[in-house]
Ligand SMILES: NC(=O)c1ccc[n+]([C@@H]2O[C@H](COP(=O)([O-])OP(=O)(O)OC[C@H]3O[C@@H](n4cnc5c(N)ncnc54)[C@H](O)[C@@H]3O)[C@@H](O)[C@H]2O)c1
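One chain is shown next in structure tokens, namely the form predicted alone.
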């Protein structure tokens, strides 16, 4: 698929959206921005909620693809998750279908499989076809999003790459994150590959850098053309000195979902 000229970026004011706003234009994208909050320095951004179907219809009109990062990114009461992450994602897919948008890249999450035990030394990497085991209502919403994407491919021919993102920050902040970290530059590489690969149908991939302590299999992401360039290992000595090694008795250290399995961070809004 040729590089889309106009890309709708939802969640443009969020942490990951802010990173991608600065990195994706170098790949040739003209970004159309959408967020429930105003996007600083971007007066032309669309400020609307995912429940605003008319705003979504306007947002997708004429775009070549969508990178869907919007929604609640932590745990929250089910009613909030339902409105933002479940109904909101459905509203986006309906708007894209009506407008004939050919592809969406959906920000799924490792929390869709968060109760999956992390591999121990010598174990095989976690495959992408591991069954859904959501660790929170948030993780449940990401499982729904993947299944919704499959339905829209099978029924309507709308392609999606669902990227189970680990943790995309400038650098990892704890020892567990050494296994699931995705550098912002690798994030842009992966999203670009997902937007331009040929004939993806509905493809689910894990999203991280090529970390020495990697927990999951990146074969599917590489098949899209993704070539990660970064490795969290450069941060390992510092983080282990600060926090110690992972505790095999702590569920937050032994499951893909980390602290989401026993003490999830709560959405503040």
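Positions refer to the first chain, counted from 1. Predicted model, so just to flag it, every value in this text is computed and none were measured.
This next part talks about the form predicted in complex with this ligand, which is not shown.
Not displayed here, this ligand is kept clear of residue 238 by more than 4.5 Å at the level of heavy atoms in the predicted complex. Contact check for residue 179: every heavy atom lies farther than 4.5 Å from this ligand in the predicted complex. Although the partner is absent from this view, residue 166 contacts this ligand in the predicted complex, with a non-hydrogen atom inside 4.5 angstroms. In the predicted complex, this ligand stays beyond 4.5 Å of every heavy atom belonging to residue 261. 73 is the sole member of 183, 73, 136, 143 with a non-hydrogen atom within 4.5 Å of this ligand in the predicted complex. Judged by heavy atoms within 4.5 Å of this ligand in the predicted complex, the contact stretch among the candidates 229-237, 36-44, 198-206, 22-30 is 36-44. For the partner-free chain shown, just 267 of 232-269 comes within 4.5 angstroms of this ligand in the predicted complex, judged by any non-hydrogen atom.
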